[in-house]
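Take a look at this single chain in structure tokens; it is the form predicted on its own.
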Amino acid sequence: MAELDSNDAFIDTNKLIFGIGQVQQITGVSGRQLRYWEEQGYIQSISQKKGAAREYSLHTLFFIFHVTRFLNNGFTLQAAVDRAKKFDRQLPVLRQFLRAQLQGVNIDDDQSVLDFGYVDSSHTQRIYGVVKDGETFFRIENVD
């Protein structure tokens, strides 16, 4: 199983910047919509010089993606923004948990297994998350 080191370098996502045209192409949201959302305070572009094209962070790009996903599921713009904000607040918790608990990942042809480490301090059982045939489940195994 591929082991993960908590000291592994991660990409500084603050340095990933997208122009308004790229955001339109990636998300399918028009420039007019993006400007409206910005005027309403739903999203924020990176500080820009007068006359320069708008630029957005990776974080904002993901936020736009989630707003769009909720809109496509029939929510009003305000409800979609509210749901995207809630999801956005959950991400740091998920990231922290995975960084602390995920011990490794093994990807085979028929399944992928995520090793979440020992279940308890006695180190007698390990817990795994399994992705197989489009399904997800946990598996606990005794350690010899």
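Numbers follow the displayed sequence, beginning with 1. Treat the numbers as computed from the prediction; the structure is a model and nothing was measured.
The same protein also has a form predicted in complex with the DNA, omitted here; what follows describes it.
**Which of 80 to 88, 110 to 118, 96 to 104, 48 to 56 lines the interface with the DNA in the model of the complex (heavy atom within 4.5 Å)** = It is 48 to 56 that comes within 4.5 Å of the partner.
**Item:** Contacting member of 127, 20, 130, 17, with respect to the DNA in the model of the complex [4.5 Å, heavy atom]
**Value:** Looking at 127, 20, 130, 17 one by one, just 20 meets the 4.5 Å heavy-atom criterion.
**Message:** Is it the case that residue 63, even though its partner is missing from this view, gets within 4.5 Å of the DNA in the model of the complex, heavy atoms only?
**Reply:** Residue-level check for residue 63: no, no contact with the DNA.
**Asked** Taking heavy atoms only, is residue 37 within 4.5 angstroms of the DNA in the model of the complex?
**Response** Taking the distances in the model of the complex, the answer for residue 37 is yes, it comes within 4.5 Å of the DNA.
**Any non-hydrogen atom of residue 33 within 4.5 angstroms of the DNA in the model of the complex** = Yes, residue 33 lies within 4.5 Å of the DNA in the model of the complex.
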